[in-house]
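In structure tokens, one chain follows: the form predicted on its own.
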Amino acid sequence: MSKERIGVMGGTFNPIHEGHLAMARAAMRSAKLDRVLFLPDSVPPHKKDIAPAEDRWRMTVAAVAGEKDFEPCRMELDREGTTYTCDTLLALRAQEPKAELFYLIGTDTLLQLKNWSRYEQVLTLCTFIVCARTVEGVSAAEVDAERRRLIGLGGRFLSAEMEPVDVSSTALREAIQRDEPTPLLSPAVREYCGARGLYGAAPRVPRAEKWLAKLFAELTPRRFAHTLGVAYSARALARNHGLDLEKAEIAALLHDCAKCLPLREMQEIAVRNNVTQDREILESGALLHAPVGAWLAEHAYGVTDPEILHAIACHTTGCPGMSRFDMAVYLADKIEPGRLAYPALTRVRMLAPLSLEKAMVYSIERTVEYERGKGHALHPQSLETLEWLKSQPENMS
């Protein structure tokens, strides 16, 4: 049996961005890796003014949640004292004795290897995968000479072919502070930074630090990333349609706060607190998490705004008479950037910024067709919502 080939990407991830992910994808292809570990630094010996470790950890988890064979790893975060790559590689070799380790670096890092702690030992512990980067003031001949010197000391190097990704972490942090576009940050990471108030930006959600920690602890990584994506989309829809941005963001951040609870626990909360008496909803976690989530948003997260609580409660079935604010949260859940493709997704994404009502009608109609095709029926409240929406003057044309 061949050895498992594990890629290792260490870094401050301050914040994690598309350049990091592009390097990992290129390394996967070029070296035929089985998986790539992402290890945020705990106390980098050469960097200052970075976001708290747990914030960088959560952003890393969210960024790689949708990527097959990418895995976040806390090894460096949980080690006490200063973080050195040599210690990490020794620990990984002990943990994965039958695996072959590949450490991902750029050309700039190759030139700095000689400054790493115990770098000659590091050269014996892994194969380096080098993603080419132009280094200002350094010629290709100088890079080649340094590579040959390191090979002479026992180093092993592979090259990963990739399209250059022009990204500066410093520029990204400055853009976050100024609330400017950051196309090289995933929407989930951008949402985390904005809600939390990282990198000099004012926190948009007053209790974000506590709420994000709680959500991260109680949701799966994919659900946490989805939640951030929904908040990002809800805020955008609120801006498009003149709705309250902060309230939309809060409703979206908490819309799935009950999603990962066991069904029995959701049922106990619902029955004990008279959340719903609808038997069909009580028997379905896919439906019950919405009204139970509204109850938790009030009693576990301290939300008292009835508009926010109502939007959370009806984000799965909708309801006749739902407000445009409710619609924005409902649709944000359907169209968030990380949502896996489904037949109606492209058109719903196109319609939602233009008309919440028309996007709602189209979305529910396509869901009815899909469920009927599988021999299922939508909950009656969803069908009632559709009929109510179609009766509205703006949807009569």
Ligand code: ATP
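From 1 onward, residues are counted along the sequence shown. Note that this is a predicted model, so its numbers are computed, not measured.
The next section is about a form of this same protein that is not shown, the form predicted in complex with adenosine-5'-triphosphate (ATP).
The partner is absent here, but in the model of the complex a heavy atom of S168, alone among T82, Q277, Q121, S168, sits within 4.5 Å of adenosine-5'-triphosphate (ATP).
For the options L90, A99, A132, A213, the residue carrying a heavy atom within 4.5 angstroms of adenosine-5'-triphosphate (ATP) in the model of the complex is A132. With respect to adenosine-5'-triphosphate (ATP) in the model of the complex, the three residues H17, I105 and D108 uniformly fall within 4.5 angstroms at the level of their nearest heavy atom. Per the 4.5 Å heavy atom criterion, adenosine-5'-triphosphate (ATP) in the model of the complex is contacted by stretch 159 to 167, the sole one of 250 to 258, 309 to 317, 283 to 291, 159 to 167. Heavy atoms of S382 never reach within 4.5 Å of adenosine-5'-triphosphate (ATP) in the model of the complex, leaving it off the interface. In the model of the complex, L386 stays away from adenosine-5'-triphosphate (ATP), with no heavy atom inside 4.5 Å.
Contact between R173 and adenosine-5'-triphosphate (ATP) in the model of the complex is found at the 4.5 Å heavy atom cutoff. Applying a 4.5 Å heavy atom cutoff to adenosine-5'-triphosphate (ATP) in the model of the complex picks out G10, G11, T12, F13, H17, G19, H20, M23 from 10 to 31, in order along the sequence.
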